[in-house]
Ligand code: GDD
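A lone chain, given as structure tokens: the form predicted alone.
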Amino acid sequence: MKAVVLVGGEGTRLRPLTYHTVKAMVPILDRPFLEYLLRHLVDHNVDEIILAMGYKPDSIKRYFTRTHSFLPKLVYSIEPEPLGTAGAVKYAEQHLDDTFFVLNGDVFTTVNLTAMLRFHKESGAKITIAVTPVEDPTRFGVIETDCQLRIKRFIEKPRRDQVTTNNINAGIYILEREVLEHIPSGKRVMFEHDVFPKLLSAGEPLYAYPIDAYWIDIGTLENYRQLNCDLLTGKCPYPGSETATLRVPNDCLVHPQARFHGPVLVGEKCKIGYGVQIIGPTVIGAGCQIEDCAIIEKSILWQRVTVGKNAVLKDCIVASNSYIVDSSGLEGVVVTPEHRTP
């Protein structure tokens, strides 16, 4: 089985975190987001993964060249220009020869892909679209089905009076290869706006697969925070993500007078000084230095962050290589290396 992962662009809704870091590579706990997605595919017997991407592909290639032991075959399909969700899959057509998955590269989920594939084959679908319920479907594309889950209608960002279901497109598809024949080459084409409605109008069998598993789109700062918190607290139990009140590697230097109130995850080779308080849910990335009497609460620090003496961080996200000066007081902000704290 093969899968195409739509790695996507720069992640404008995650700025300023994605000025220098590709959205797919933002850290979730102690590893890049994309690694979770690829591991999930491998767990469901996907033996070839095509990464469809165009924005800053080098950092992704470097990382998975070093960290590839868990992967089967990984193929890079680099678009010369943004081609949209369907156009990107069409561009990777040479690598596809049978039924395949397509996943948006900013969706974190524990959906049972094996069960979804079984449903797809048993229903005789040309396309199967995973759907998930949300509280406010007006911000998404909703999908109406009949009692056999065959899709009847797509409504993109409906008004309140148009809402007939709260099931939205979850960004996870199974396609038969002949669907590619309906996608023009070299053009920007979207599954949601161009391909799915066209095939539905032509009478092709499109089915919805309801999922009750964990699902979140990490494309916003709020959701990015939420995913880290859910993994730390065990709300989203995930294979390979060990939930514990406190995780501190043996190679860290932690002063005996430092205090932790979990859940807290600390990365490798960190230095944590006298009188430091770290209050969870908090993530401290690898190579961070937390100096004496600093307080960090409900925050996410990426790698190689320095927090000065007596600094206080609450509900913050701090990008790699940032420096928080002594006695700073920050709450609810995003800090990058370009922003020196006062």
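Numbers for residues come from their place in the sequence shown, where the first is 1. Remember, it's a predicted structure, so these values are computed and weren't measured experimentally.
The form predicted together with this ligand exists for this protein as well; it is not shown, and the discussion that follows is about that form.
Out of the listed residues E268, E79, D230, E204, E79 is the one that sits within 4.5 Å of this ligand in the predicted complex by at least one heavy atom. This chain is displayed alone, yet in the predicted complex one of E178, E156, D97, D251 has a heavy atom within 4.5 Å of this ligand; that residue is E156. Annotated contact segment (heavy atom within 4.5 Å of this ligand in the predicted complex): 184-192, selected among 113-121, 184-192, 206-214, 257-265.
The candidate site formed by V276, R304 and V318 is entirely out of contact with this ligand in the predicted complex, as no residue has a non-hydrogen atom within 4.5 angstroms of it.
This ligand in the predicted complex is approached by A52, whose closest heavy atom lies within 4.5 angstroms of it. Proximity of T145 to this ligand in the predicted complex: non-hydrogen atoms within 4.5 Å are absent; the residue sits far from the partner. Looking at T128, you'd find every heavy atom of it more than 4.5 angstroms from this ligand in the predicted complex. Within 4.5 Å of any heavy atom of this ligand in the predicted complex lies no heavy atom of I272. Shown without its partner, the chain has A88, N104, G105, D106, V107 in segment 86-119 as residues with a non-hydrogen atom within 4.5 angstroms of this ligand in the predicted complex.
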